[in-house]
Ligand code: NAD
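To begin, one chain is listed below as structure tokens, in the form predicted on its own.
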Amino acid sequence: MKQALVCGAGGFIGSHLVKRLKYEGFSVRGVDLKYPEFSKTVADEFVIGDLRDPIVCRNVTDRPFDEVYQLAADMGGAGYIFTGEHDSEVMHNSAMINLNMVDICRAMGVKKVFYSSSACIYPEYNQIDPDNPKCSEDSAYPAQPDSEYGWEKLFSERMYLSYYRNHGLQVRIARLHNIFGPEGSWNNGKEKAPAAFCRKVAETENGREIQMWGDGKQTRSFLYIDECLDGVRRLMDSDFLGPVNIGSEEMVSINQLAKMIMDIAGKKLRIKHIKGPLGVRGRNSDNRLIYEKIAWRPIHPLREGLEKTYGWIEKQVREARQVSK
């Protein structure tokens, strides 16, 4: 039985990854500051620990795991990443985790390490036109991410690759593009656009108004969690190091995203555009390289994932109202 360690196993992607690895027959140890919020972990062992502490990292990486998945990071949606109020914590916390984990994986002879990077590493100057963003892997340099979160991710990519070159550590790096789905943050200030609009639509009576940061013409692509995990697992089973995009090429404006969710809910709501943190003007996954190297691409449309996500968030909203009564 293969053994895997999932760092960040209490988070959205990490908790889903634990389930996926268990389904595939792995023995899984999870580690995080907290347990998953919305469902009980299925990990064989779950360690509550702070990976900024090198002693914790040594204790949880106490054997040459077949696979280590490093997803732990200080992160959130636009309201957390782009205000500038959390820059020092984001950079310090995530860099400390990665500095600790890459070195202990080398020391313990871990066979393969996955590092979860981000589309936020791409230069702001290539994402000004919302209709024609450039996010091919080779466009990352000259570097100019639009957030300190992106800068830390880019630094850590280079660090993991340096451990591959200097120490032979087998790394796999993916730049994830806006992953969404059930059991993610939806009301704590760290939620991303799909969850935020699912919540707003679920909470608002038909015919009323919801708020949106910006003019809604900014574009993004969003990838459902199950598709993301398919790409991650295929990358880990391949000989390709990356960095490589894992995302959807179905680009939509934020206005279109909100209207799609309204349609799923069967509601007609007005959108009030207000000032707020936005990030880049346009972003879309370029999947040419990942398809060439490992023949992966998403197979389900955005609406399909949004239907599942809205159903889950609408249930959370309904239950929260019942508790508050």
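Everything numeric here is computed off the predicted structure, so don't read it as measured data. Numbering starts at 1 and follows the sequence shown.
Heads up, the form predicted in complex with the named molecule isn't pictured, but that's what we're talking about next.
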statement: Partner contact check in the predicted bound form: of 295-303, 60-68, 33-41, 261-269, the stretch with a heavy atom within 4.5 Å of the named molecule is 33-41
- request: Go through Met236, Ala95, Val110, Leu176 and name the one with a heavy atom inside 4.5 Å of the named molecule in the predicted bound form.
  value: Leu176
- line: From Ala73, Leu229, Ala193, Val252: within 4.5 Å of the named molecule in the predicted bound form by heavy atoms is Ala73
- request: Evaluate Lys153 for contact with the named molecule in the predicted bound form, applying a 4.5 angstroms cut-off between non-hydrogen atoms, and reply yes or no.
  value: yes
message: Quick check on Ile290: any heavy atom within 4.5 Å of the named molecule in the predicted bound form?
response: no
query: Would Ile13 count as a contact of the named molecule in the predicted bound form, using a 4.5 angstroms cut-off between non-hydrogen atoms?
result: yes
- prompt: Does at least one non-hydrogen atom of Asp50 fall within 4.5 angstroms of the named molecule in the predicted bound form?
  reply: yes
task: Taking only heavy atoms into account, state which residues of 105-127 are within 4.5 Å of the named molecule in the predicted bound form, ordered by sequence.
output: Ser116, Ser117, Ser118
